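Next up: just one chain, as structure tokens, the form predicted on its own.
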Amino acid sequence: MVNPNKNKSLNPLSKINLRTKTLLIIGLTILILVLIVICSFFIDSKEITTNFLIINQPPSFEHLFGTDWLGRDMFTRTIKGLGLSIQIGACASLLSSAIAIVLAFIGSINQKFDTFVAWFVDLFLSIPHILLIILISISLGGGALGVTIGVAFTHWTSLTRVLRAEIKQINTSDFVKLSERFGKSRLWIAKEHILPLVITQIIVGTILIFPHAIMHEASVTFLGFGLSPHEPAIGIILAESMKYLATGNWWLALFPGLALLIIVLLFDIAGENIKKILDPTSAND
């Protein structure tokens, strides 16, 4: 016979294990990302010097990612470039989230503002991301600032739509209608009722903007419209390596590209697991 008490005793352990596993994944991903950023801070661009005695060397224990056509260590350049990409992604995602929050809450004031926000979202979605980022970056003189502003002003649309839908649903609830009857202002309702209920979407949405921001920053820089050529960005490294792939120097593009892909996946994993912690109902989706 199966002991029912045994199954009941195992259920709490399974829940604890799932939560512990989720927290462990979040901790490891954040630790890796923070270590990359910290290491990039300690790497001075002037230290990435040329050495023509070791040009185009394949990966080895001395040079894990090999060396490039100027004898520079590719591992050092890749870490420096990843740190720069993460910093740009962080700034862009935070600015994008701020834009999304402002527009979503403005739309909750009345129907006319909401119609304008919906039209504004559709307008930005009708323009390709890459084209809009390039135009904004060029108009601001390029560089890290231009790319950051360009990426930020093109990645707020999805989060704005999610927040608008959540706020509309909350506005139809009884406690919001009761607050309106008691004469509470829309600002008070937004601060006391709406914001606490959408904070999960804001946090998760901000984190999930990271990988998109990093990929678009690398894409624009790869095309030559982003960061300056002297900066060790991943997009610049990949663009420069294209000239040497035909000569068999495969490591120049493989390792930086894989590193960028891993960083994007880490952000995606962190976002999904943080969503499980903040919104337990999504853990079974």
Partner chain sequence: MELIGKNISFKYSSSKGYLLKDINVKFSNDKIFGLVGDSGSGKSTLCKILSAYIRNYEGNVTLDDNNLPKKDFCPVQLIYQHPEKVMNPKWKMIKILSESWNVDEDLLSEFGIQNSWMKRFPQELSGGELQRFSVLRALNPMTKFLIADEMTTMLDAITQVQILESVLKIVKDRKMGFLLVSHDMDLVSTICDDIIYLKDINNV
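Numbering follows the first chain given and starts at 1. Every value quoted in this text rests on a predicted model; they were computed, and no experiment measured them.
We do not show the form predicted in complex with its partner chain, though everything after this point is about it.
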So, in the predicted complex, is residue 184 in contact with its partner chain at a 4.5 angstroms heavy atom limit?
-> yes
According to a 4.5 angstroms non-hydrogen atom cut-off, is residue 122 in contact with its partner chain in the predicted complex?
-> no
With the partner left out of view, is residue 193 within 4.5 angstroms of its partner chain in the predicted complex by any non-hydrogen atom?
-> yes
Answer for residue 161 alone: is it within 4.5 Å of its partner chain in the predicted complex, judged on heavy atom distances?
-> no
75, 188, 113, 153: which sits within 4.5 Å of its partner chain in the predicted complex by any heavy atom?
-> 188
Of these, 67 to 75, 97 to 105, 133 to 141, 195 to 203, which stretch puts a heavy atom within 4.5 angstroms of its partner chain in the predicted complex?
-> 195 to 203
Looking in the predicted complex, the residues of 167 to 187 with a heavy atom no more than 4.5 Å from its partner chain, listed in order, are 174, 175, 177, 178, 179, 180, 181, 182, 183, 184
